[in-house]
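One chain is shown next in structure tokens, namely the form predicted on its own.
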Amino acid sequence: MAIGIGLDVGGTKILGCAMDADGSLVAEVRVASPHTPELLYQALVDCVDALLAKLGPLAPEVRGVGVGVPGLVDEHGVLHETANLHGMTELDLPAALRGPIGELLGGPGASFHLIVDNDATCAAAAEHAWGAGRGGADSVLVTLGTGIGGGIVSDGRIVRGARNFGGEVGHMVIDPSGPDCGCGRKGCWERFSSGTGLAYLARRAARAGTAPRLIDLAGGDVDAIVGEHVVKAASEGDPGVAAVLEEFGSYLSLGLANIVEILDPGCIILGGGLVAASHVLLEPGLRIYATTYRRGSGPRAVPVVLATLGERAGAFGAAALSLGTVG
């Protein structure tokens, strides 16, 4: 039985999963995300070590280790820049990890496949192989979390682009006069339609006096307003927050429609943390997409579906890529 290890690096945690080739979870670990390159390298090695301990007699079956990280990762696995992991740039992860992980897997001569890739690309691979995109040849995964990531599958294969940077849909500009983005530009899609974007729109409405309930929920501090306050106020039927969600939905639907026009996928899969509250946060955007844009409904419509693998998708996909389950 071939086993792949997948490690998904997030802003707050690293999730490690050991998977077999059929997509079954064999072992899992979680550790807090460190904030320096050296500590990150050690944490990733420690995750592999912990997973091998949990695998016990199955540890010799590990054939690959995959690491998913947010940002621009080239074909050699070097992380060049990231908007959401501060200070983690120009990291040659394979060079730092191959030796220590090789020692854990049997010594300097250990044979295993090590791959480092964009986290949303990993999640797209997982949803294609084992999740909402299973059985289809063409799909786009959009991850709605702190930021927005993306992964593209065409004819059953990951679309990587000339430099391996394909799929960065969160950084298409939808408002050139919009707020600053961590990538250095203004008005990127993720500044409006991510968790951070939702908080931005909510705070703007609160400052304008149209959503006072949000200020109450944040203890009187506008700058403390976060997405959870929006969900709470929406559950109460607050009209000011309903307007915020309509605005959020208008930006979300615009980005989805742009993806459809460029790529014509079989479906768009929505994943990430915001999906957990999809009945509140995503309903306006999906409604606007279906009723406003030409490919949102009708015989040539591109359906938008929810991801099925949840928070484990990135780790599952990294494991799948390490085993060659998805190319």
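Computed from a prediction, not measured in an experiment: that's the story for all the values here. Residue indices: 1-based, along the sequence shown.
Not on display, but discussed next: the form predicted in complex with a further copy of the same chain.
Contact check for Thr210: every heavy atom lies farther than 4.5 Å from a further copy of the same chain in the predicted bound form. Mapping the unseen interface onto this chain, Phe165 counts among the residues with a heavy atom inside 4.5 Å of a further copy of the same chain in the predicted bound form. Looking at Asp264, you'd find a heavy atom of it within 4.5 angstroms of a further copy of the same chain in the predicted bound form. Residue contact with a further copy of the same chain in the predicted bound form: Glu81 places a heavy atom within 4.5 Å of it. Here the chain stands by itself, but in the predicted bound form one stretch of 231 to 239, 156 to 164, 217 to 225, 121 to 129, 156 to 164, has heavy atoms within 4.5 Å of a further copy of the same chain. Proximity to a further copy of the same chain in the predicted bound form, defined as a heavy atom within 4.5 Å, singles out one entry of Leu52, Val260, Val29, Leu282, which is Val260.
In terms of contact with a further copy of the same chain in the predicted bound form, the residue from Pro176, Gly87, Pro108, Gly135 that brings a heavy atom within 4.5 Å is Pro176. Candidate site formed by Ile152, Arg185 and Val302: every one of these residues places a non-hydrogen atom within 4.5 angstroms of a further copy of the same chain in the predicted bound form.
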